[in-house]
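Single chain ahead, written as structure tokens, the form predicted on its own.
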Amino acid sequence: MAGVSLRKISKVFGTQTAVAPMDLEIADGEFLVLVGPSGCGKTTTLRMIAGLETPTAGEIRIGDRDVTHLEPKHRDIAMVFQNYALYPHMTVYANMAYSLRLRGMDKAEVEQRIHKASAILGIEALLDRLPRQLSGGQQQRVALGRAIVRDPQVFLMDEPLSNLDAKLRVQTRAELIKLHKRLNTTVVYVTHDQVEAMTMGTRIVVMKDGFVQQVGEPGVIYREPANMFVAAFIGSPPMQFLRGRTTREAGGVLFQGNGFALPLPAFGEQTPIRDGLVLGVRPENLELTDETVAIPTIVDVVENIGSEALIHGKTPDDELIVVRMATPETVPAAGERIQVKPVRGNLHLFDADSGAALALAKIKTNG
């Protein structure tokens, strides 16, 4: 096992910067997730670690070795791709044994490794089958097994669950978490799915347009996003944004938008008082109210999903707003006028131009 160190690595294709200079330390045994939309540079970063792309600048170290210019086979890594890439004419056993035999490993050691990995993944009964005789989830386990038998210092995984259906994704996600705990090997995992990132990662790296936006533990990134992009990308439904200005009143800070004014007593003396601000609040921290000091909203769509309901509406500024309700039997109808206010959890103030987080406060009670 080993940690991974990225020191000012970057990648430029022609005139386009795919990955801006990045410094990142990945601890030995950590499960680090690179997450972001398509084209953000996460897969390019992974491919540079793997040796499939050469950095334009910078240094990559695995453990105490500089591997920046080493071939992939000399890096002691194993990669699991979105496409399982199993050899269709080979049995599961042969697929898992292939790389070991190329390295000249003796037959007894190959067999021992394969049976150990197949026991971990629960695929002992599949060793004599061909890939076409397996389900998608079983093929994914075989691809993981092929990586595990190599006993690498680092696992690199590029969206390995994207080809699975929703139910199987949840199941395999849980299996990967348990597998990491059992093997305690360093994992660098790429996904565009923020739920995967939140549930699997020890830490998350959020990327956009080749730049790292924020690095941190999942809970910290969710509660304290560094900017509006991170706030909107992490969380489903995303954080809601209301544009306006702040003033200081006798009872504390007042946030004024188009057609509403919200008292925000949770914010302290350091709160910026000016125009050009955005108030951010998560859907689960909003609630319907009879009070007039609230955000007037017209209900657009109601999604009732059984255990909860998501109420989509529009404010006087045509800002979209979503309220997550835990009592779906009492939801309003489409077209109804309602009043909404933040009642719990974190509130955020962002700069409207740069998107940077400026202040954070917590409402500690309901009501």
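Residue positions are given as counts along the sequence shown, with the first one as 1. Everything numeric in this text was worked out from a predicted model, so none of it was measured.
A second form of this protein, the form predicted in complex with a small molecule, is not displayed here; the remarks below concern that form.
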**Complete:** Assert contact_stretch over 308 to 316, 25 to 33, 43 to 51, 58 to 66 against the small molecule in the predicted bound form, heavy atom within 4.5 Å, equals 43 to 51
**Message:** Please tell me whether any heavy atom belonging to residue 9 falls inside 4.5 Å of a heavy atom of the small molecule, as the geometry stands in the predicted bound form.
**Reply:** no
**Asked** Would residue 38 count as touching the small molecule in the predicted bound form under a 4.5 Å heavy atom rule?
**Response** yes
**Request:** Please run the contact check for residue 193 against the small molecule in the predicted bound form: heavy atoms, 4.5 angstroms, yes or no?
**Result:** no
**Prompt:** Counting only non-hydrogen atoms and a 4.5 angstroms cut-off, does residue 175 reach the small molecule in the predicted bound form?
**Reply:** no
